[in-house]
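The chain below stands alone and is given in structure tokens; this is the form predicted alone.
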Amino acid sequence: MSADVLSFIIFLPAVVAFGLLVTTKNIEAVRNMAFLTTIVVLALVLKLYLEFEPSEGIQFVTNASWISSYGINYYIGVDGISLTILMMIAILIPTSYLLLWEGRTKGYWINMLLVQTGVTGSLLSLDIVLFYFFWEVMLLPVFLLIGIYGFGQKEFTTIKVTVYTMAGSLLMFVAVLYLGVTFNSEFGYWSFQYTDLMRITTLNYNEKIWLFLAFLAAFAIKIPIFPLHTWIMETYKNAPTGAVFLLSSIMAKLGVYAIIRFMIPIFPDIYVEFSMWFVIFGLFGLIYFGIAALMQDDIKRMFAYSSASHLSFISAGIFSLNAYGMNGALYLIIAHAIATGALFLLVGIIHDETGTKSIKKLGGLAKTAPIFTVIFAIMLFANVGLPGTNGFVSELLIIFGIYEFNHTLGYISALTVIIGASYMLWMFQRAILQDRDGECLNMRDLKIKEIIGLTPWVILVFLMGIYPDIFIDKFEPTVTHYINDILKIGAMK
């Protein structure tokens, strides 16, 4: 397969989006064309996945000059880590379209396509300025989705999200420029390739700390990590279902990926030195957001806190300094994207059909929507890490990783997963199973199109839970080399 296939995967959705913008006003034609585009991208990514050699590092590379006077290149490629997330994105987006099929406008589908270009471009960028460009590209369509198609205080929500993300982006931009200038001073030419930036040796300790924190703030807002999470509750409550799905299942994972791809390799010594604090902070976030989820009545807000809790657990796995934790974190990125994405889409259906998101007002849905209930339960069990699901494998690997890092923290991490199971099962019992004084809401069951859309997600939940090796084998060699190199370079600096 040609190296140019990555460019095709990145830009096809944007080209189709702009083509649809100027050629037709027919909403059905726009939606069908958008869906077909995501299917073509899925087919290309699937072929790429099958042809990828796990032991050969970064592959399908394109490196062309973009802004040559400052060493900024169109430098893209894929390794085991990015390939796994790329596959997840390629599967989730077209199948989510089937659950968002009805009642959307032309602008809605065009913005969805533009987001796809932004997230895949960010994921495959190996030049940090190019990464920054795509990072910003993916944000604008999401702001439009929230501002135009949101609910309640959607204008306030859009402004709040914009302020948060722009603040993070500004910090990242300053850090990127500082690294570029430092590289130029040390080596006599410009480059923003992350492999070149790893070679910088002239930064002093304080400079490294500030730059590390600047990148961390930008990515932590996107994940989000405590205490930079306060934008998420209003956003998930007021944003349309498609935007919530993109934010929770895909864009939050890019924040985690950016830490792995750029922050840790460029500052390996800071990563090693402060790993204990970040693992503790991750476990604190797991507990804090878990308890907050337990106290919610709005089902969307509850899932928002639940999502933040799981992402804190992923962060703890990344900083555990071993392959168990890193493999588990990467596996949980995929597992969490599937389970949380499906749950947010299903909650969107509940809201559309019953007009409420209050757990106290819901109830009895299992009687009128049995297929909906079964799929909801499967995703919920995956989310809490029930054995046989992908959530169990990923959480187990992270616990192993944290235990190897520090035995006491390992025991704590094993105990804290009970919190997630508590609020999820309690919500399921009240909102889905229990009748309200003998009544049940008149909610429809899933349509055929929606069942078809969710079927690949259900299959992945069990396939990843029962045969994890067929997935882990694709990224485990990359992760092992990655973590060994980081620890070696970190010890030398």
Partner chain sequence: MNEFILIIPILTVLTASIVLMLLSMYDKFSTKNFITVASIFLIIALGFSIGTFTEIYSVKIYSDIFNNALIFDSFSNFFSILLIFGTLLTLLIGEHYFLHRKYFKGEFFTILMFALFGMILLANANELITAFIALEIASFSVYVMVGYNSDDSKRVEAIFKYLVLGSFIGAFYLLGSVLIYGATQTTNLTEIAVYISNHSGNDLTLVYIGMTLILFTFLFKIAAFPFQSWVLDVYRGAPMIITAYMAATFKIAIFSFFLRVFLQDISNVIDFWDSIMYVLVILTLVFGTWLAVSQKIVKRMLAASSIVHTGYLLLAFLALGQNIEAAYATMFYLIAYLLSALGAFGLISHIISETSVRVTFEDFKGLSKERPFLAAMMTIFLLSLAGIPSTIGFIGKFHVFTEAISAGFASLAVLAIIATIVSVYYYFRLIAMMYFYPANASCESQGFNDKRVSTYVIAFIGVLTILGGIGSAIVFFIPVINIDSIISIAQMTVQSLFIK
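Note that the structure is predicted; figures quoted are calculated from it, not measured. Residue numbers count along the first chain shown, from 1.
Another form, the form predicted together with its partner chain, is not on view; read the next lines as being about it.
Exercise. Quick one: of F212, F173, Y194, F281, which gets a non-hydrogen atom within 4.5 angstroms of its partner chain in the predicted bound form?
Worked result: Exactly one residue meets the criterion: F173.
Exercise. Out of V78, V129, I334, I221, which one falls within 4.5 Å of its partner chain in the predicted bound form, going by heavy atoms?
Worked result: Checking each option against its partner chain in the predicted bound form, the one that comes within 4.5 Å is V129.
Exercise. N442: heavy atom within 4.5 Å of its partner chain in the predicted bound form?
Worked result: N442: no contact with its partner chain in the predicted bound form.
Problem set entry | 4.5 Å heavy atom contact, S68 to its partner chain in the predicted bound form | Close contact exists here: in the predicted bound form, S68 approaches its partner chain to within 4.5 Å, heavy atoms only.
For this session: Indicate whether its partner chain has at least one heavy atom within 4.5 Å of a heavy atom of K237 in the predicted bound form.
Result: No, K237 sits far enough from its partner chain in the predicted bound form that none of its heavy atoms falls within 4.5 Å.
Exercise. Would L386 sit within 4.5 Å of its partner chain in the predicted bound form, counting heavy atoms only?
Worked result: Judged by the heavy-atom cut-off of 4.5 Å, L386 is well away from its partner chain in the predicted bound form.
For this session: Go through 150-158, 324-332, 290-298, 372-380 and give me the stretch that gets within 4.5 Å of its partner chain in the predicted bound form, heavy atoms only.
Result: The contacting stretch is 150-158.
Problem set entry | Candidate spot F35, A43 and A90, all three touching its partner chain in the predicted bound form (heavy atom, 4.5 Å) | Judged in the predicted bound form, none of F35, A43 and A90 sits within 4.5 Å of its partner chain.
Problem set entry | Within 162-197, the residues that have a heavy atom no more than 4.5 Å from its partner chain in the predicted bound form | Contacting residues: T162, V163, M166, A167, L170, L171, F173, V174, L177, Y178, V181, W190, F192.
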